[in-house]
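Here we start with a single chain on its own, the form predicted on its own, put down as structure tokens.
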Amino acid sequence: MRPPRLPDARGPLTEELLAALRAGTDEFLGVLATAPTATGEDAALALWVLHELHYRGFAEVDDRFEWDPQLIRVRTLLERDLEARLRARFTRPEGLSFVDDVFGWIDDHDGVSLARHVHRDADRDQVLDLLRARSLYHLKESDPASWLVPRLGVRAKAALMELQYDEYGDGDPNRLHHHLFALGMAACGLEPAYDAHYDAVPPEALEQSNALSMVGLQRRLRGAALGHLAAFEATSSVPSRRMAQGLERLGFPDELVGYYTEHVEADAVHEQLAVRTVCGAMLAEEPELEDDLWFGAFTCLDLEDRFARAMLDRWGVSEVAA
């Protein structure tokens, strides 16, 4: 597996950061000075690049920079800003139990549905654009959740590994979910390489990825990471069915349709496993983390709603209710 290339800069911070990473020096003072002023997609891309150093890295970047203290400081500044913005939008539901009530709470969420648009109205170009944008997540898929494994108690850890084992293809490399997505992309004429499309993805997709990496990489946010996972699994099965039916309507190849049909039944099981077994086991051991479970679940839905609105606006489409 070759390391991916660095992305194109999107502002002063990423220009400074990418130049410093390519130069291969240990001097990142310019990046540290620029980071506090970065906003929007410039800040989002910089944080995404710094997170990626913990995943596959980049072909132009020495692996020793993964834990460079100055870059970790920049990452911390950007993560603090992201977390503060996410928490500012969050209100903890009153009088609800996460394990008992989260499914009903999710059902009451009044979000925007890209899957419904694909199911009924999207054209082929819109779907291809969506696949490119989604590839930022789907070509990595369950990897961020794997950071949680050593941070959980026995019951929660075992249940999470059951879920992850399925996500990783039950031991068959040809059944890994992110590999199935890559095969689907290739079958419909899209380049499936990890670095093929991230220069075209909207900042909302970068922020989704950043939030997932942030809660996965920080032990103190393990509750938020599991809440995010639970909400994601609980909102995957029905949209996956709609995506599969929309792709069939538009004549997309079986490989891509199959990726989504794989998730229809699997995620119906995963949602119960994630909420009742994984999160339930965590709460039995660490009940003080319930607020963070709600925060993670809200963040998952909130960022997906923002991404969906951005994509529909990009296509000039009116909002599509979930």
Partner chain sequence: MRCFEHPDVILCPGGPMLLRGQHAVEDADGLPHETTRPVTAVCRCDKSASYPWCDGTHKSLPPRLRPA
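Positions refer to the first chain, counted from 1. Source: prediction; values computed, not measured.
The discussion below concerns the form predicted in complex with the partner chain, not included here.
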- Query: Hey, in the predicted complex, does V149 get a heavy atom within 4.5 angstroms of the partner chain?
  - Reply: no
A33: heavy atom within 4.5 Å of the partner chain in the predicted complex? no
**Message:** Taking the partner chain as it sits in the predicted complex, is E290 near enough to touch it, meaning that at least one heavy atom pair lies within 4.5 angstroms?
**Reply:** no
Just checking whether H54 would be counted as a contact of the partner chain in the predicted complex - the rule being heavy atoms within 4.5 angstroms. no
Of 87 to 95, 200 to 208, 136 to 144, 235 to 243, the segment with heavy atoms within 4.5 Å of the partner chain in the predicted complex is residues 235 to 243
Checked E79, D166, D195, D129 for heavy atoms within 4.5 Å of the partner chain in the predicted complex; positive is D166
Among D123, D101, E162, E248, just one has a heavy atom within 4.5 Å of the partner chain in the predicted complex, namely E162
Near the partner chain in the predicted complex, with a heavy atom at 4.5 Å or closer, the residues from 141 to 158 are V154, R155
